[in-house]
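Only one chain is given next, in structure tokens, and it is the form predicted alone.
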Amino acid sequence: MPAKIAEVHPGIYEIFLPLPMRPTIINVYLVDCHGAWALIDTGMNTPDSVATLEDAFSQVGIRLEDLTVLFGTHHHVDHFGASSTIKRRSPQVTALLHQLETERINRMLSLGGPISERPEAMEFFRTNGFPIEKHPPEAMRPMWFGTDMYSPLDRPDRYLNDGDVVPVGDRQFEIVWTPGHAPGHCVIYLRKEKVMIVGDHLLPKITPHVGLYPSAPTGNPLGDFINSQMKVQRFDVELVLPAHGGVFHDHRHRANQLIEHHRYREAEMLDLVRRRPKCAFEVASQVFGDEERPIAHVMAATFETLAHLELARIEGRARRIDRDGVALYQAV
């Protein structure tokens, strides 16, 4: 399809790529580095998306083969799913991703069978009260899982680290590690231009999903996410370029909105477990509603709820009670 592309800052192009799911568009960013070209994120590996990306490149007078550096903000299918295709087309390109994201890629690529064949995942669902036996295994997998739509590089040319400064042509790309939505999520900061390319970390209209999953059943992703929101506020930014939604300007205001949203949501959950302990699935059903909806949405709500309850436990506002193989949480 003909690409929609906009120059949002001199030499920085926003490219709108189609997705076969919601959200239906991802924004990736092509940066003219005057003698070199950098791309931040790739879209999914669908013929439609790759063709749209090629058309966008042609509109600025280059080809996919002219790309110099590829940055991945994180490993998710819409952000790094076409990276191996781009690398195959442009073998000279240097692909960069955080090491924690590479670990997630290799884990996802190794998961071939249905969830019912993974005992540790089944145990995780049961522990958090999710009635997994009621749902067909095929419904538990994303529509792209195990297909060519997710074709990421299983090893980048170089790992990104917090504080790295990556020179490309006459531009300097600073790496800011922002774990939460994904453990190795990074945003890209152009200090001279006062531009921050934020992936899924700072979205203008929707709240990035943060959850605890069977693939990473421990840790504190919501605590990491909130700390990362505070971290990005230290940077002087005039233009914010997100992966979904329109560009915006006040990153500190949006970061504080997201922090407040999660604090409010946690308080709502703790109110539900003040009188008696409940599991994550029960709390999610009350907070997000128990009406009929796709099982993937129910899973996401449960695992996001679990991240909230674990943060409250870690910070001393809730306790966990293990009863008959189910993890229950109660406000303290």
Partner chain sequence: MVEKIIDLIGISSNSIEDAVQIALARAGVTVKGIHHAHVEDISAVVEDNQVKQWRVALKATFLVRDQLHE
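Bear in mind that the values here come from a model prediction, so they are computed numbers and not experimental data. Residue numbers count along the first chain shown, from 1.
One more form of this protein, predicted in complex with its partner chain, exists but is not displayed; see below.
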Among E117, E260, E133, E120, which has at least one heavy atom within 4.5 Å of its partner chain in the predicted bound form?
E260
Which one, A301, L30, L272, A56, lies within 4.5 Å of its partner chain in the predicted bound form by heavy atoms?
L272
Where, among 264-272, 303-311, 35-43, 61-69, do residues come within 4.5 Å of its partner chain in the predicted bound form by heavy atom distance?
264-272
